[in-house]
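Just one chain is shown here, as structure tokens, and it is the form predicted on its own.
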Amino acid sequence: MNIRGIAAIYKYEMHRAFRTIGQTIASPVLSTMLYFIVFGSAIGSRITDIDGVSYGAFIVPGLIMLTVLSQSVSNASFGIYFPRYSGTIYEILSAPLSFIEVIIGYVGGAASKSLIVATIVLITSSFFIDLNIAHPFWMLFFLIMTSVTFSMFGFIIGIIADGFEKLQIIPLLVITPLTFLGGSFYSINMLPEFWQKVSLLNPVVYLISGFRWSFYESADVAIHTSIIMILVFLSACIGIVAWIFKTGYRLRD
């Protein structure tokens, strides 16, 4: 394992984040706080509680997941796209690094940035409401696994994209709608039976449900189902990335 090579990629990605701290950290935190103020205060004042949890507290796990999903995809896709765009990707491909080491460097950097933002949002939320994390281990498990999985997904997008505008298509037209419809601000049990079944086709439902369970022991789907779904998605992303490096798709063109 080339630790120095992994560390070089990781440090570069982290330095890039802190050079643009307003965009990578401050902006998503402020956006999330706006969601919290609008939904938690304005709408929350009209909703007593959901499953015995105050509405303001109920939406916190959803807001954190919304931030983690969007930031993980965005950070990882831009991180690998710029080397392709500038041509420096060939230096990485010619270096004594396996595809696993390259992935660890880029995905690790993207996931770390997402976790930093998520931690800030979690701490800031605690000033507005009283948070109760019933299962800290599982909270960290879902947070880390989601960051890594969607950073991997963003890595794939960054390789496939052939223009800056295409980097935004999937996050804006797929990830964000799925997150909003995945129970970030409501429980799918509040929906009519037909739409509850439709919602179960949304993979984000399982992530948010599992993450919310770690806080309040309240979930829309069984916790073991959520764990299985995130492991399946992660395995699929690893398989796709392995195929990309094996075939050189979009890397050696």
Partner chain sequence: MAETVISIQNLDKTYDNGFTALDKVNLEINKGEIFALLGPNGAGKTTLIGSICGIVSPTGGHISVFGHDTIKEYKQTRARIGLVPQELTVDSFETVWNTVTFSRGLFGKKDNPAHIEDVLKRLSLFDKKDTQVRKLSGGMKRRVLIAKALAHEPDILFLDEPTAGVDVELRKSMWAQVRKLQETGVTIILTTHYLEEAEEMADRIGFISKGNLFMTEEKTSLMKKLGKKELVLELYNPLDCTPSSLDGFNLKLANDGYQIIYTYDPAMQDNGVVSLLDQLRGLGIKCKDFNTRQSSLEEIFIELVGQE
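Residue numbers count along the first chain shown, from 1. Computed from a predicted structure; not experimentally measured.
Missing here is the form predicted together with its partner chain; even so, the following discussion is about that form.
Enquirer: Please identify the residue among S98, Q168, T119, N132 with any heavy atom within 4.5 Å of its partner chain in the predicted complex.
Expert: When its partner chain is considered in the predicted complex, the option within 4.5 Å is S98.
Enquirer: Work out which of the listed stretches, 81 to 89, 177 to 185, 149 to 157, 108 to 116, brings a heavy atom within 4.5 angstroms of its partner chain in the predicted complex.
Expert: Heavy atoms within 4.5 Å of its partner chain in the predicted complex occur in 81 to 89.
Enquirer: How about F233 - does it come within 4.5 Å of its partner chain in the predicted complex, if we only consider non-hydrogen atoms?
Expert: Residue-level check for F233: no, no contact with its partner chain.
Enquirer: At 4.5 Å between heavy atoms, is C237 in contact with its partner chain in the predicted complex?
Expert: Close contact is absent here: in the predicted complex, C237 is far from its partner chain, nothing within 4.5 Å, heavy atoms only.
Enquirer: Does L93 reach its partner chain in the predicted complex if we count a contact as any heavy atom within 4.5 Å?
Expert: Close contact exists here: in the predicted complex, L93 approaches its partner chain to within 4.5 Å, heavy atoms only.
Enquirer: Has each of I9, Y12 and H15 got a heavy atom lying within 4.5 angstroms of its partner chain in the predicted complex?
Expert: Contact check passed for all of I9, Y12 and H15.
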